[in-house]
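A lone chain, given as structure tokens: the form predicted on its own.
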Amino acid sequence: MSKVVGIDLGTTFSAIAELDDLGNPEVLSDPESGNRITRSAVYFGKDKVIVGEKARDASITSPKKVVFKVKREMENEVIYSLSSGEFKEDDGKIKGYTPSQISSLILSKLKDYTSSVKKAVITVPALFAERARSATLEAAKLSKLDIELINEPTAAVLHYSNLPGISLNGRVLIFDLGGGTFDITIASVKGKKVDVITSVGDKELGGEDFDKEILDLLNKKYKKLKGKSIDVNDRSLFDVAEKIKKLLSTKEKVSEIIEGPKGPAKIDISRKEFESSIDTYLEKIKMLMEEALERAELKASNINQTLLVGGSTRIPIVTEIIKKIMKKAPIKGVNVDEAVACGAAIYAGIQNKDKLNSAQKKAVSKVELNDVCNFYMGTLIIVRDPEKDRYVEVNDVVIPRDTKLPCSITKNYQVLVDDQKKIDCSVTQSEGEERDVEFINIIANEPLELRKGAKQGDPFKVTYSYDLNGSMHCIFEEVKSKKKQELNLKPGTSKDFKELRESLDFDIE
């Protein structure tokens, strides 16, 4: 029988988990290295691809052939060029690999940790936009996986709510600070029933950014001692910075010998210096915590527990910030690197009960999840502006942010003028409730030819149906003629899919 798994496809590390025979989530280890989490790094060799720590090691001698942090590029139309060693805008002329292709290689590596995997639940940041979600779905398709998506903090709270010895009741705040992204989700939990209230975050804030600040400190101190800068693009120095960051979680000061153009130098970095260097990020974290509470219309005193997710939550100043704002310490004792993958495995079990044994079915039988839409989804319309005395194009929200999923909402509009020939059927996405077209993203746009002789004021309706994957089915309908334009916002590609798949014909190590 084919298996279903949960996968945390992370910026710096990824993990895969499945339900054991009793229905408990279990993170799977790399059969070769024994590592339970896999570095999200990909090395492109002549005839093979290497994923994980060995890829990181290869970056020392072949930096241009190793891709890191591909997750941050998932929403961009870019190509990784092996000749230049960087992502570039896809103009159709660059030879290389798309973010979806690169991510598919990580997924292929992970699914080989077990056998007979055909279906999976993959986690994404709560604030991942439609394009990034579609790219993730495409990556799964390229790796021959049939998948569903779940937001990372939502997966984490599923894991916490199913742990023995931890009782979650009331409102909880999930604080998810990983290697590349930061999410806060507030949910109402009663036993194993989870209702998400709201999510906020920053898709470019995480441990990798903290590493860069340490690298900057190393550079400044080396230059002061030796009179010349170190090479801040040297991958080995990134590894040193990551090591220092981890050590500073348990030590007040760390000393390292740094090799540079003027020879080795012993450099000390204190925890206080580190905390000062990341102060801008810490302030953003504080603001997002306040924003989450405001969106949920709650005070810190209304939150029963704070749950930690992601390796960067081990940084002591992060815990101090949580204590100060929430007036209580977060729950500890959970492997914060594995919580998301474990939650994804639980959700995979819920969605595929026909593939479970009786014990597994019993374990997930009481689990219930209700998530929300994390963006404002709208359409562009033409309205009369009385102040400007002319018609203007504005954004009109169809599905408000924090609407419970799945949902289907219909809004009514009208034909603008007599004998109008067509309507532009546009789908928009924004983090705020925007009317101004300058502050929204148009994620789909197709025309609908109207019937001959259409009249001003004729009814026209728009229906958006949004599922738990973050995928939408949009119907634009002229009511009298019943002519429709249907848009399915699901994975697509600007290139021939067969061509994309064939270009990944590597042995993966």
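Counting begins at 1, following the sequence as shown. Because the structure is predicted, anything quoted here is derived from the model rather than measured.
Absent from the display: the form predicted in complex with a small molecule. The rest refers to it.
K.L.:
Heavy atoms within 4.5 Å of the small molecule in the predicted complex: which of the stretches 73 to 81, 207 to 215, 144 to 152, 322 to 330 has them?
P.N.:
Contact criterion met by 207 to 215 only.
K.L.:
Could you tell me if Gln360 has a non-hydrogen atom within 4.5 Å of the small molecule in the predicted complex?
P.N.:
No.
K.L.:
Give a yes/no on whether Lys245 approaches the small molecule to within 4.5 Å in the predicted complex, heavy atoms considered.
P.N.:
Lys245 belongs to the contact set for the small molecule.
K.L.:
Is the gap between Gly178 and the small molecule in the predicted complex 4.5 Å or less for some heavy atom pair?
P.N.:
The answer is yes: Gly178 has a heavy atom within 4.5 Å of the small molecule.
K.L.:
Would Arg314 show up as a contact with the small molecule in the predicted complex if we use heavy atoms at 4.5 Å?
P.N.:
Looking in the predicted complex, residue contacts with the small molecule include Arg314, since a heavy atom lies within 4.5 Å.
K.L.:
Given that the small molecule is left out here, which of Asp402, Asp337, Asp202, Glu256 has a heavy atom within 4.5 Å of it in the predicted complex?
P.N.:
Of the listed residues, the single hit is Asp337.
K.L.:
In the predicted complex, which of the listed residues (Thr198, Asn162, Ser249, Ser188) lies with a heavy atom within 4.5 Å of the small molecule?
P.N.:
Going through each option in turn, the one that passes is Ser249.
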